[in-house]
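One chain follows as structure tokens, the form predicted alone.
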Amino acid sequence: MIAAVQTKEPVQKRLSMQIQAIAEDTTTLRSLDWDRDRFDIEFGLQNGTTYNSFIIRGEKTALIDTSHAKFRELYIDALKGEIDPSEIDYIVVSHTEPDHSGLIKDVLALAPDAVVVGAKVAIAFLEDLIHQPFERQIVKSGETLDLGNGHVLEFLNAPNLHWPDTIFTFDHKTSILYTCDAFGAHYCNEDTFDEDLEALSPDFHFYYECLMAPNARSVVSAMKRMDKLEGEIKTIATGHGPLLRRNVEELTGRYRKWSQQKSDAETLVAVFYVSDYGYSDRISQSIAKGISKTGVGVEMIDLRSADAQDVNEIVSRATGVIIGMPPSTGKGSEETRAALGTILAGVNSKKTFGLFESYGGDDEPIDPLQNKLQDLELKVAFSPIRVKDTPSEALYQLCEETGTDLGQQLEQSKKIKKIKALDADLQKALGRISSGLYIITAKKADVQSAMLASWITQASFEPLGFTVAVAKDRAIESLMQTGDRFVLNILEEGNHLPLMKHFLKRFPPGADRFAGVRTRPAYNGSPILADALAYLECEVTSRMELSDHWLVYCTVDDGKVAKDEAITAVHHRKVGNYY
């Protein structure tokens, strides 16, 4: 049975509930957020998202996760339509991020005797979240909870996916593994399961790159714990998007492959943050995402729950160390100070460091720690990121660009070796492929960017379309997701050098790339360069991943030529294995 209840909100912000039996004694309550276009670390969504909750009925009843607070009325009505909430015996908390645990307090008001089940860290976080007494049961990896009628729940630790308190839950009767964020996708449609693999795949991968790639080593560790259930897992009940049943082996295989590749990276950056303090989680995720775009490995560690031995081991392996300033007082401050002490004891002059504020209201001062690290002769990766107001999309973009800039610095010597390794004749032959010269400009909300491009070619007549190859570590790549709009500015032969030289400059993170350049806004909001020969207003239709680039297919909405008699500037390279 599928039931849907619509809100009275405007169509462009549709919220609905889907209720469906997925196995014996097991029901999902899926909160469908059809039009959400931003999420978590402020990455764009093309297909909305869902928040999935589950009811398991044995001799006792368990509720696994709840929903986002925006679904309060819809979710509680749907829950009451399925069971008497007062009969809930257990509330299993996969992790305490608000989009999954935001309604636990509301459920406890209806089921005051329910026992909250979660990892030790999750229970501690939940105390700060709901501010009321509750019955609790802390579980460790391998421990079980017997609901009766064959429903034996086994718990697996999966920290940092993508919060430090995450646990997986496996029901031995139904062979369902509940994984919360892991293996999910921000993909909202009426299919409860992964019916259309081709349609799901781009969002599945994008979700992985944004949320899981910075925690690749933790993904590998969690999947090793899953291995003991090999052959038993028939369904993966995710916290976002469709549940995985048709393509479990294929999609978990992709996770394993992607995570192994990233965790095997020769260069590693450790990012220390405090997951439930200020904006530390979001800022650190943005920095980590930027680093991972360059192929550098990232290990994210929560200062509040980190084990001293683990911190010391990670610092010893890391080439770079990034620290988000923790709270100076209050709950958990002793733990974070101890972790900082362990970091300081483990670093040396061969390492690179960077610091950022968390905007939590009580941050440790940044300058004393900056001075300590400089006294230890560590190399400064970037000027401290000082957050003086609620973070904006521009701030998150600056953080991502900062991470990318750091990754590029750390990989520079390796890149030079690769350039020298290719056969000289092959380099020269490949370089003889000529191309035009273009500048891509894009704007989304208060974030704008630009890049010089030459790998562009028309790809279709109907609709009018072309492809552009965008390096994975380009800042503008995050503004060229499916559905994003931009302008292709075509440069004029004989009048291209000033613009070419300007956009070839290495811009520091967050810099205004249009300072001193004449522009006007296109209909889609992106800048048109006044000195371009012609321009095309475009929309990204699809993307194909290549080894070090994205091949982006775009359709054309509008365009204009400034000078009919002029011709496009042409770029001739001497070699073909670097720009």
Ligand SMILES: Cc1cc2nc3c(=O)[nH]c(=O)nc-3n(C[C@H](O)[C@H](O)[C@H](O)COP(=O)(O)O)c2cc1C
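A residue's number is simply how far along the shown sequence it sits, counting from 1. Please read these numbers as outputs of a predicted model, since none were measured by experiment.
The same protein also has a form predicted together with this ligand, omitted here; what follows describes it.
*Asks:* Could you tell me which one of L177, A475, A119, M300 places a heavy atom within 4.5 Å of this ligand in the model of the complex?
*Replies:* Looking at the other structure, the residue within range turns out to be A475.
*Asks:* Taking this ligand in the model of the complex as the reference, which of F193, W258, W455, F134 has a non-hydrogen atom within 4.5 Å?
*Replies:* By the 4.5 Å criterion, the partner-contacting residue is W455.
*Asks:* I'd like to know if L504 sits close to this ligand in the model of the complex, meaning any non-hydrogen atom pair within 4.5 angstroms.
*Replies:* Contact check for L504: yes, within 4.5 Å of this ligand in the model of the complex.
*Asks:* According to a 4.5 angstroms non-hydrogen atom cut-off, is L378 in contact with this ligand in the model of the complex?
*Replies:* Heavy-atom contact with this ligand at 4.5 Å: absent for L378.
*Asks:* I'd like to check something about K60: if you look in the model of the complex, is any of its heavy atoms closer than or equal to 4.5 Å to a heavy atom of this ligand?
*Replies:* Judged by the heavy-atom cut-off of 4.5 Å, K60 is well away from this ligand in the model of the complex.
*Asks:* Give a yes/no on whether R513 approaches this ligand to within 4.5 Å in the model of the complex, heavy atoms considered.
*Replies:* Yes, contact at 4.5 Å.
*Asks:* Looking at 106-114, 281-289, 139-147, 495-503, which lies within 4.5 angstroms of this ligand in the model of the complex, counting heavy atoms?
*Replies:* Looking at the partner contacts, the answer comes out as 495-503.
*Asks:* Taking this ligand as it sits in the model of the complex, which residues of 549-568 have a non-hydrogen atom within 4.5 Å of it? Please list them.
*Replies:* Only a single residue, H549, comes within 4.5 Å of the partner.
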